[in-house]
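One chain is shown next in structure tokens, namely the form predicted alone.
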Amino acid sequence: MDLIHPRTVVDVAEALGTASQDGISVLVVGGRRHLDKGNPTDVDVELWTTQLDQVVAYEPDEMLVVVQSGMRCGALAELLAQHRQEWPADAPADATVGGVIASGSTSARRLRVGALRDTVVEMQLVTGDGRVVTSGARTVKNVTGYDVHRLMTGSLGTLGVITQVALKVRPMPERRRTLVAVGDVALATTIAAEVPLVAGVLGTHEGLEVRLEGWPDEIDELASAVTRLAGDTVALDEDSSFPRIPWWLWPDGGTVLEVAVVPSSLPGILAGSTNYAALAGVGIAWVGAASLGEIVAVRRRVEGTGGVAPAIRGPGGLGGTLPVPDVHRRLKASFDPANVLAPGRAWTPGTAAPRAPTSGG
């Protein structure tokens, strides 16, 4: 497969302009950490963003950093840590900032840090036909214009190539503590509801992990509240990651689905499963599936609640059907009129999504 490896946004615009003119299909690739998310798509070339990796501006006092999209998350974390700040993506160190945004990733600490899309205040992107567009503003209170940067979050590189973003960052917590306890998803849901300042509550078949962040006195108070609900708890080392084993480090042996449903539906959907990690209070669960039959069974339960369960590792595609297909069709026509950006990778209007692997991010 041919490769485009641009160094500047002008390079990206020229490459996509030529691709649209000549009908060359393009897959946008960052750190290759989200290759399996999306429906299978046959493309002519890959466009790598990894040379767009510069820090454009960093103002610690304003808690704002502007970076090119190909910057690695690990490099950004090191930069921000010098000022005890963080961008709470909780992504692999070799993932790229643009890839994390385009894939619509979720932090396991979402109860505390919110949705990742809310940290993106400005975005520069290149449309499928080579137009350079800027959305949002570095002034957080700006509310004019369309929120195109929110639209691009989770679009899987099918509407444009993200080339630069301005991100709200946050102070690193003074202290961290992870508690483990015996319990199920129902108990995890109770903790998330009754201890509202927890950073995250993860329910697995083996038990619970509860993440606490804040000042020492605050953490002690939260830990007492969790213990009253969960009974005996064990505190891990402060440097322990959360989750202890994120989904991308699960033993390879099948598909990982990312279930998104109304939070109260999680216990019912996961009943009988033994390979999952559920974010209580958020409605997100990562579910392992060893066969197509297991994928179909999980999706049948999820779709019965109005949720979705795309594969984020291994074969399976997006599953489900496209909501508001007319809107999606018009957006695709506006941003990528020649349909060269990963054709078919996102939900295709009017059709159910197919099943096998592929594509970038």
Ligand SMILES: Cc1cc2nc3c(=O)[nH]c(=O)nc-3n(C[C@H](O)[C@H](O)[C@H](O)COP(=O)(O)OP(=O)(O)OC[C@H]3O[C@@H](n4cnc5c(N)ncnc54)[C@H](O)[C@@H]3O)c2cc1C
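As the structure is a computational prediction, the values presented were derived from the model and not from experiment. In case it trips you up, residue 1 is the first one in the sequence shown, and so on.
The form predicted together with the named molecule is left out here; the points below concern that form.
J.: Please classify the binding site as open or blocked after superposing the named molecule from its position in the model of the complex; blocked means at least 3 ligand atoms come within 2.4 Å of backbone or C-beta atoms of this form.
T.: Transferred pose: blocked.
J.: Which one, Val302, Val66, Val29, Ile295, lies within 4.5 Å of the named molecule in the model of the complex by heavy atoms?
T.: None of the others qualify; the residue that does is Val29.
J.: Among the candidate residues Val259, Leu270, Ile191, Ala91, which is the single one with a non-hydrogen atom no more than 4.5 Å from the named molecule in the model of the complex?
T.: Looking at the other structure, the residue within range turns out to be Ala91.
J.: Considering only heavy atoms, tell me if Ile162 and the named molecule come within 4.5 Å of each other in the model of the complex.
T.: Although the named molecule is absent here, Ile162 would touch it in the model of the complex, with heavy atoms inside 4.5 Å.
J.: Considering only heavy atoms, tell me if Val226 and the named molecule come within 4.5 Å of each other in the model of the complex.
T.: Close contact is absent here: in the model of the complex, Val226 is far from the named molecule, nothing within 4.5 Å, heavy atoms only.
J.: Residue-level question: is Val308 within 4.5 Å of the named molecule in the model of the complex, judged on heavy atoms?
T.: No, Val308 sits far enough from the named molecule in the model of the complex that none of its heavy atoms falls within 4.5 Å.
J.: Given that the partner is absent here, does Ser135 sit within 4.5 Å of the named molecule in the model of the complex, heavy atoms only?
T.: No.
J.: All three of Val100, Thr106 and Arg345 touching the named molecule in the model of the complex at 4.5 Å, heavy atom to heavy atom?
T.: Every residue of the spot touches the named molecule in the model of the complex.
J.: Based on heavy atom distances of 4.5 Å or less, which listed stretch (166-174, 207-215, 151-159, 75-83) is in contact with the named molecule in the model of the complex?
T.: Going by heavy atoms within 4.5 Å, the stretch is 151-159.
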